[in-house]
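Just one chain follows, in the form predicted alone, and it is written as structure tokens.
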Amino acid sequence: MNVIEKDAAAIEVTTGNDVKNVLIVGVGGQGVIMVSKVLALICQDQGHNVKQSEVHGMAKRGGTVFSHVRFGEKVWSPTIPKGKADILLAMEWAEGLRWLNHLKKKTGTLIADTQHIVPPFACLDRTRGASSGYTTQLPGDILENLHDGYALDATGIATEIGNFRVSNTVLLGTLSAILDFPVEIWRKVISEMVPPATIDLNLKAFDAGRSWVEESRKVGKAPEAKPEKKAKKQAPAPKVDSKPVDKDFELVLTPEWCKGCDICVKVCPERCLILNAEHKVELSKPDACTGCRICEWLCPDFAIDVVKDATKTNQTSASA
């Protein structure tokens, strides 16, 4: 937060202005911006001064997307200071954990979809049997340390309704049960924001999210998830034999087709390809190759093939 934003935050405190802060986070393609715009329009309709800011430059690549929505009698700064979010709405589990330090410790509320979208950098260890670097923290362990929180399988609920893409509207329904705005205005704004052909589906998703919270309040806790959808602790990675593995594939190089563009050498995750003195591709570390096929997919001259050995594959399947 820069000097101007700090001064603006100070003005809000000294004037006693009760500003509500909602931080919405997720991954590109989940509809973070749609959720924030719906909320901003509802706040405006209810007579609040609203500030909204967002960052979504990596949205098309599946990167982090977040949006700040602040509303009240008078809002000066568009961004939420760390530790000042009244509500953190996370559309992906790890993103929710990443932004927890922005939530108010004593009064903040977390709303999170338990969906896991594992980013590529969580799989840096590509050896067989290696574990993912994705977080192993469970919803129960997080919620018990918060003032208030709701962790639900919004994506699963949306899938049962008819389309997993309306999971963002399921979370809007959950949010509507936390904020004191009329249900009618939520349904009206959602109907105006979504494609006409999906209005009924989105309204069903909204009702499902709202009902989920109402049901959890009746029983005094969140409804139990179905057994197959409960988050499970990640099992420790099995020991990987350091000896060369009897692979069921072969990397086939065709030097005559290779033009020495160097693409395969640069993209190889295991750094097992080189260009020789004749500027032709060579496999320098056969034991390191995992058969990931990235080089095969990206070679513009079709000079690389990953060929599966059917005999070894069948033998492996038979022994499993």
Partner chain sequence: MDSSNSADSFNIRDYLRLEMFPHFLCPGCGHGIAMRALLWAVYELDIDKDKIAIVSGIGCSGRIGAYVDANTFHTTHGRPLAYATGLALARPDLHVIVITGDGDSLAIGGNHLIHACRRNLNMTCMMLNNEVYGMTGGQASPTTSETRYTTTSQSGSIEPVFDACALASAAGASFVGREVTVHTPNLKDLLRDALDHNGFSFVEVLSDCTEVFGRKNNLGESPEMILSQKSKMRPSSYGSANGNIVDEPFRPTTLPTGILTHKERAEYGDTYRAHVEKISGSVKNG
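Bear in mind the structure is a predicted one, so any value in this text is a computation, not a measurement. For clarity, a rigid core is taken as the largest C-alpha set superposing within 1.5 Å between two forms. Numbering follows the first chain given and starts at 1.
Beyond what is shown, the protein has a form predicted together with the partner chain; the following relates to that form.
- Within 4.5 Å of the partner chain in the predicted bound form, a heavy atom is found for every one of Glu256, Asp262 and Leu298.
- Of the heavy atoms in Ile304, some are within 4.5 Å of the partner chain in the predicted bound form.
- When the partner chain is considered in the predicted bound form, Leu283 lies well away from it, no heavy atom lying within 4.5 Å.
- Using a 4.5 angstroms threshold between heavy atoms, Val267 counts as touching the partner chain in the predicted bound form.
- Positional change of Gly29 between this form and the one not shown stays under 2 Å at the C-alpha, relative to the superposed core.
- Relative to the superposed core, Thr254 undergoes a Cα shift of 2 Å or more between this form and the one not shown.
- Positional change of Cys43 between this form and the one not shown stays under 2 Å at the C-alpha, relative to the superposed core.
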